[in-house]
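Listed next as structure tokens is one chain, alone, in the form predicted alone.
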């Protein structure tokens, strides 16, 4: 039988994501792998009531086709939220509702990328974004991340050497997977470079509201002077991932094209869900809910950092995030974190993490891994890190001195 599948499908390998979900679901393992929120913090009863209220209020009309762009009242609430929490002034017309942040990434990739087009990603970066971009077969240029975000000096050199680059993808707030946050200085510098080299910036910020320490920094979109920053976020991390509801904020010109693409893909996001979220926001203070879950996640973050301090060997480095879901661990040079996971950590310690290679477009870095601290209780976090630390004690190789420590 002849091959019926397109090359973009054959080239898209999701096995790493599948393996992570499998390890996370195995009850024998303590999993720090999946980027899951704590389901005990979901406002279950309030969301159930919000669905009932939305259906009762709108009647049969809620089950009919609706706007591709999404419920106007909800889009206005998001625009207001952007003004208050990201220092970005937009109207509801600049907001597009999507089926999660993942669809938002895919829509932007579909809009901008042809086979072989050049783009910049952080190294490491969100592997789900790589899976989406891979479908369009771009040429990647990988820029390292340090404690202040993407290395702007390296970005400048890369853009100068490759002026054909069309897109910069970045996660500036509590980065997935490193947990680091891009400084305001670097955000401004990135926008200036994008203006200079005529590049679009895709700012992916689903963790932005989950800050546990430090001061808020305006979104990259705040510094946008030419309408070339596309901002995306989601309700997955602050309400529930099962809602599958995200959004895009973009200029009028870009928004018009994105709405057309979404219409061709799925016509619209589910109107019932959008109405229910809008009803929830009408009846509840989302900031109060975010403060509640942030308090819980702060405790979990602190528990993991304390356990890392107590049980990890001194030749292993790790980040200390101010928010978000993740801590990044850098092992000594020469250690393969994936082989270590499969050969030793899972069979002996029964602990799961996400190894480095699948989080780099180049797949060239192996001596690191991502830990999630939001989906486990404090006792489990402590136990899992202690087990992992015992496995890592014999690892004796020279520690890299540049890991997550590059100056601006």
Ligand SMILES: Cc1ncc(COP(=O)(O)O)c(C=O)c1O
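Computed from a predicted model, the values in this text were never measured in an experiment. Numbering follows the first chain given and starts at 1.
There is another form of this protein, the form predicted together with the ligand, and it is not shown here; the text below is about that form.
- At the 4.5 Å threshold, heavy atoms of residue 301 stay clear of the ligand in the predicted bound form, well away from it.
- Within 4.5 Å of any heavy atom of the ligand in the predicted bound form lies no heavy atom of residue 332.
- Contact check for residue 209: no non-hydrogen atom falls within 4.5 Å of the ligand in the predicted bound form.
- Taking the partner from elsewhere, residue 244 is found to have a heavy atom lying within 4.5 Å of the ligand in the predicted bound form.
- Residue in contact with the ligand in the predicted bound form (any heavy atom within 4.5 Å), chosen from 75, 187, 237, 262: 237.
- Contact with the ligand in the predicted bound form, judged by any heavy atom within 4.5 Å, is made by just one of 250, 171, 194, 155: 171.
- Highlighted residues 297, 321 and 374: none comes within 4.5 Å of the ligand in the predicted bound form, counting any heavy atom.
- Heavy atoms within 4.5 Å of the ligand in the predicted bound form are found in one stretch of 85 to 93, 107 to 115, 201 to 209, 136 to 144, which is 201 to 209.
- In sequence order, 100, 101, 102, 105 are the residues of 77 to 109 having a heavy atom within 4.5 Å of the ligand in the predicted bound form; the partner itself is omitted from this view.
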